[in-house]
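Here you get one chain, nothing else, as structure tokens; it is the form predicted alone.
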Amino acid sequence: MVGPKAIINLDRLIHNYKLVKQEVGNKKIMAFVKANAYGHGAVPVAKALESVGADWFGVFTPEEAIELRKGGVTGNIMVFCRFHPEFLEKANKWDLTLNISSEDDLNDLITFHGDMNSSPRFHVKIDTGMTRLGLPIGSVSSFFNLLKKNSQLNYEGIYSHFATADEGDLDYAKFQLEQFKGVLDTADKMGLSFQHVHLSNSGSVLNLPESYFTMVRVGLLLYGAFPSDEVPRDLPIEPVMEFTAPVVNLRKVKAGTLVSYGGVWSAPNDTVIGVVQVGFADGFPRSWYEEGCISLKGERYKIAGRVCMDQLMVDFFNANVKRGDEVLLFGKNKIDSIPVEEIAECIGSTAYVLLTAIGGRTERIFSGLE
């Protein structure tokens, strides 16, 4: 196919996983593969990680979890979206772990167990300050009382989620950590224990080791990007995705020639304008044209004018370029790299947004493993 390619280097994925494993020691790692593994391909990514010992995977919906099961993933899979009673039969059938965040959820589980004499595994989510999903701190004692009365249910974990663990100021993250510790103390005093206790994410893996508990949840670090520019960046992770596209046309133009929509860019010199077959419909960040560049044969060249839906133009000037050459859009190849974080910082976005946006006509090619 002539068009953009996302080359997924699974050997780099495994390299990153092993680095995180060294960082967190004997703690379990839940690898997040939601949103098609952050744009990298959920089933191949999960199977590659499973081959080196990963046994927990985080997804958002039951459908994402079932896709993994159908693809041959045998490890633990946890579903993080808002609980709904219709998930219960699917969780039993496909051996999925659910999350619950209210007494209503717990009562639905109690009813299901009464009808079916079985309960899927589940983790209890606590809201310590994200103000999204989760059991409010003030409801913890009442919830734990109800849970204790229904010990036949298959509860095995408890967790919360940081709001600011990837920022330089960790005061609020430490506040959330103390809130969570208080919840665990309450559970302990009431005679409740949980096999899996987790709070840490990619940001706190790097800068808040006291939040590790029994398991850490890791997403972006596995894919070779840092969650922000405010976290330590000394972990030598490698970008897993190499995003490329072909040059499909070349044209010599005179200085002053307008290029692309709006005529906001004009050639500063006599030059060669190349058309690259990738656009914002494929996930290329449209707003990066002002400062944006691509790499060809180890050299960077400026994007010329606004990015189109299906194509973008490049000022190749006197480059040794021919039709069919592949340019690097972001990631790393043998001779150059354009970190996705660099683009994100330049346009006021995040690596999460850029990676998960890769789609459209983009072909994914998996390499790096036999």
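Model, not experiment: these values are computed from the prediction. The numbering used is simple: start at 1 and walk along the sequence shown.
Just so you know, the form predicted in complex with a small molecule exists too; it's not on screen, but the next bit is about it.
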> Quick one: which of 243-251, 218-226, 273-281, 139-147 gets within 4.5 Å of the small molecule in the predicted bound form, going by heavy atoms?
Replying inline: 218-226
> Is there a heavy atom of W288 no more than 4.5 Å from a heavy atom of the small molecule in the predicted bound form?
Replying inline: no
>> Can you tell me whether Y17 touches the small molecule? I mean in the predicted bound form, with a 4.5 angstroms heavy atom cut-off.
In response: no
> So in the predicted bound form, does F57 come within 4.5 Å of the small molecule, heavy atom to heavy atom?
Replying inline: no
>> Is R132 part of the interface with the small molecule in the predicted bound form - any heavy atom within 4.5 Å?
In response: yes
>> Is it the case in the predicted bound form that T128, K181 and Y212 each bring at least one heavy atom within 4.5 Å of the small molecule?
In response: no
>> Give me the residue from K28, R306, K47, K34 that has a heavy atom within 4.5 Å of the small molecule in the predicted bound form.
In response: K34
> So which of H196, H113, H161, R121 reaches within 4.5 angstroms of the small molecule in the predicted bound form, heavy atom to heavy atom?
Replying inline: H161
